[in-house]
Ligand code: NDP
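The chain that follows stands alone, in the form predicted alone, written as C-alpha cells.
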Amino acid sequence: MKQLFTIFGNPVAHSKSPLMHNLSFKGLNYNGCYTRYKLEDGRGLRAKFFDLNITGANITVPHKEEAFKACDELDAFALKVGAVNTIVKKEGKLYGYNTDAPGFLKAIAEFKEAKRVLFLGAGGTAQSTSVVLRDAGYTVTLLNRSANRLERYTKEGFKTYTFDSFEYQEPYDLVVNMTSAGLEDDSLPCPASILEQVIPDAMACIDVIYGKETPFLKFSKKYHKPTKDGSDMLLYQGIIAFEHFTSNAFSFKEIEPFMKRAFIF
C-alpha cells in the first residue's frame, strides 16, 4: 500500500521537497508519494494530518512551532528547541523531529574558521539552529524586529538585539538570514543600515531561502562576500527526514544521490 507524505507551509508552492522525496522514493523503490499542502492556520495542522491520512510530513514556515505542539511524542532535540519540521505517524501517534539544525550545521561546515554567527530573525528555524550551533562551539547572536520573539533566547543565554537596540561591537564571521524576507518580495531581513555595518567584516553571508538570489544575497555581493543559499541545508535536512519517513530503511549515503537530482532541475 502506497504511503502518503506532504509538506505543510504557507507559502508552499515553491517547495522543492516533493521532487526531492519522490525522486528518492522512485530511486530506492519505496512505495511512497509526496505532495504539498498550503496550510493557512498552523493550529489546524494535527487535524489536517489525520484528515489526509498521511504517514509523514515536513513543516516549513511559519508552522514549525505549531507543529511542535501538534505532536504526541518528541525526540530529545526537538523537545530541547521547541520547533518541529518533520512528523511521522506511528500507531496513531504523531512523532516530531527537527532535521533543520543538523542540516544547517552540515551546510556551513565548509566555513572552517567561522565561530561567530549573526542570525537575522528569531523564528522556528532559528530556534533549532541556534542551539545546535552553540552546542557545536559557535557563538550565536540574534537580531529581530520585535523584542517578544527574543525573550526565550535571552533566557537561554544568547546575546540578542532588536533593530532599535542593535550595537555593532564585534565582527560576525557568518551573517545568516533566518527569515522569509525576500522569498516572495524585494524586502531585506533587517534595515540596510545594519547590514552596512555587519557585512563588510563578515567571512560569508548565508540565506536559508533556496533557489533564488534574494535581496539579502544581492546586497551581500555588493561587498564582494561569498554567498550561499539554503540548497545544501534543504538537501541535508531532507535526507535526514527521509530516514525518519522510511524508519531508517536506507542510509544517508544511499539517499543522497537520488535526492541530489532534484537540484539539477
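Counting begins at 1, following the sequence as shown. Owing to the predicted nature of the structure, the values given are computational and were not obtained by experimental measurement.
Beyond what is shown, the protein has a form predicted in complex with the ligand; the following relates to that form.
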Margin query: Would you classify residue 234 as touching the ligand in the model of the complex, given a 4.5 Å non-hydrogen atom cut-off?
Written below: yes
Note to self: Contact with the ligand in the model of the complex for residue 146, defined as at least one heavy atom pair within 4.5 Å: yes or no?
What the structure shows: yes
Check: Heavy atom to heavy atom, is residue 96 within 4.5 Å of the ligand in the model of the complex?
Finding: no
Margin query: Since only the chain is shown here, I'm wondering whether residue 181 would be in contact with the ligand in the model of the complex (any heavy atom pair within 4.5 Å).
Written below: yes
Next item on the list: Select from the listed residues 102, 171, 123, 82 the one whose heavy atoms reach within 4.5 Å of the ligand in the model of the complex.
Entry: 123
Checklist line | Position in contact with the ligand when the complex is considered in the model of the complex, options 74, 114, 188, 194, heavy atoms within 4.5 Å | finding: 188
Item checked: Site check 61, 64 and 209: each within 4.5 Å of the ligand in the model of the complex by heavy atom -> yes
Next item on the list: Work out which of the listed stretches, 124-132, 154-162, 74-82, 87-95, brings a heavy atom within 4.5 angstroms of the ligand in the model of the complex.
Entry: 124-132
Next item on the list: Could you run down 217-232 and flag each residue that has a heavy atom within 4.5 Å of the ligand in the model of the complex?
Entry: 230
